[in-house]
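A lone chain, given as structure tokens: the form predicted on its own.
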Amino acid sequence: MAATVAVENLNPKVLKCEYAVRGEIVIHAQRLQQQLQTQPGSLPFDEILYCNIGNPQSLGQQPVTFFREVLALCDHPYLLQRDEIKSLFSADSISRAKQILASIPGKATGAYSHSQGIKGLRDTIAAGITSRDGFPANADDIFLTDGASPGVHLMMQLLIRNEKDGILVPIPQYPLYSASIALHGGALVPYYLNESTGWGLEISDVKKQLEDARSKGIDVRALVVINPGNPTGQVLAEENQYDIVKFCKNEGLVLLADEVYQENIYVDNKKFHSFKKIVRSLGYGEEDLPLVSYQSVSKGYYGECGKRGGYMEITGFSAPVREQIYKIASVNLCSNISGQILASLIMNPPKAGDESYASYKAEKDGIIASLTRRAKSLEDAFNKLDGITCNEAEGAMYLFPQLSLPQKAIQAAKAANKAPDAFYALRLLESTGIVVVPGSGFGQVPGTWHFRCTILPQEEKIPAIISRFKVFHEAFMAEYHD
């Protein structure tokens, strides 16, 4: 008798879904890591260096003290009754924990909350958005989520009715988008970022792709913008953002603004501007443009990936549509409370005059300065290698260099039944222990090859990574030299 459950009879949408950031190369890396543990010295390297995913604390980044003090006190309020607490925790983390606990029904972080998240925490986030943008925000527009990803899934679930509903997505893209569109049975409509202009977003190309999709009978519902860019690391110019907002307004598209890297800016000539601020600056109100803005505690200088905190702010949707969004959120009951607390803290960190401010600012500035140096070191190193070109990392946590591979390497990849950049990344892993993600996992202009590399390994390890990479790349290019 045939197996009741086999790959052949699974949901085809699941089979179509791919997520390269934790795909084949990472699975192979985990096997090699086990081999290093059980048979030390059996490989040409002594550790696996995971440059595949934006996971800062797994690579040695320390959590921000103030955030963790507040979390600890919220999770164990008994500590607040102890006399010695004042010598262990800063005064402002104690007062902040008391303030947060007062907003949680029953002061219980182990209890479910309102489906949108704890009201007091949403008030704090709304105040943080207001302060950031200079335009009012409302707690009722905020849905606290387990990181940004569930918010993206929620909107895909809401907008995609069938395979004729399309979502415009930047290529290269973060594979969450292609995966969630596949899972919900929609059509990914690609628009290509221009590598030659530092991964610029050209409205003319977006318009062309939109019209092309419509001519095929696809109802394009939304435009995804990732700013700062993942995997490309660019920061959009403000004028470009104005054009994007006007385009969405004119074409009747929902704007899905992935802004999880808003604190990660490494160049002096660019600043982060939220799409909410741009929309309001243009004079557009609730009736004019549906906008969903995503933020996460996983990125920035905080890097709290494992706490799964984040939010989406939804504006420009009618009351009946908002009821449906609330209904979907309610099915999941609520996001985790530690993540909710952290989301409120990152939008309302210590201010000048608070006891923790000096140490908080030193930790934040130190992390951003170190990321800036790491990005520059890796970018310079890649650009010195024959056959690699790399745009500047203006923001986010990644570089996305282009590989000019010899024809022999492309043929060898074909013989191995692999994309050429996947073939390269696999060889890199087996020779050096460095894990990167092939560009084919993010999408790229056909006929070009890339890889995504995080800038997150500890700063003292960067020179060793660069030298290992250089030795490998030069040997690879020599081996497959045309």
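From 1 onward, residues are counted along the sequence shown. It should be emphasised that the depicted structure is a prediction, and the values quoted were computed from it without experimental measurement.
One more form of this protein exists, namely the form predicted in complex with a further copy of the same chain; it is left out here, but the text below deals with it.
Asker: Report yes if any heavy atom of A108 sits within 4.5 Å of a heavy atom of a further copy of the same chain in the predicted complex; otherwise report no.
Answerer: So A108 counts as contacting a further copy of the same chain.
Asker: Report whether the minimum heavy atom distance between T232 and a further copy of the same chain in the predicted complex is within 4.5 Å.
Answerer: It does not: once a further copy of the same chain is placed as it appears in the predicted complex, T232 has no heavy atom within 4.5 Å of it.
Asker: Indicate whether a further copy of the same chain has at least one heavy atom within 4.5 Å of a heavy atom of S298 in the predicted complex.
Answerer: Yes - in the predicted complex, heavy atoms of S298 and a further copy of the same chain come within 4.5 Å of each other.
Asker: Applying a 4.5 Å heavy atom distance criterion, does K98 contact a further copy of the same chain in the predicted complex?
Answerer: No, K98 is distant from the partner.
Asker: Quick check on this chain: which one of E163, D386, E84, D365 has a heavy atom within 4.5 Å of a further copy of the same chain in the predicted complex?
Answerer: In short, E84.
Asker: Just to be sure I understand the contacts: of A369, V267, A127, L183, which is the one whose heavy atoms reach within 4.5 angstroms of a further copy of the same chain in the predicted complex?
Answerer: If I apply the 4.5 Å criterion carefully, the residue I get is L183.
Asker: For the chain shown here without its partner, which stretch in 251-259, 205-213, 354-362, 271-279 has non-hydrogen atoms within 4.5 angstroms of a further copy of the same chain in the predicted complex?
Answerer: One stretch meets the cut-off, namely 251-259.
Asker: Using a 4.5 Å heavy atom cut-off, are L88, S115 and K327 all in contact with a further copy of the same chain in the predicted complex?
Answerer: Yes, the whole trio is in contact, each within 4.5 Å by some heavy atom.
Asker: Going by a further copy of the same chain in the predicted complex, which residues of 287-315 come within 4.5 Å of it through any heavy atom?
Answerer: Those in contact are E287, D288, L289, P290, S298, K299, G303, E304, C305, G306, K307, R308.
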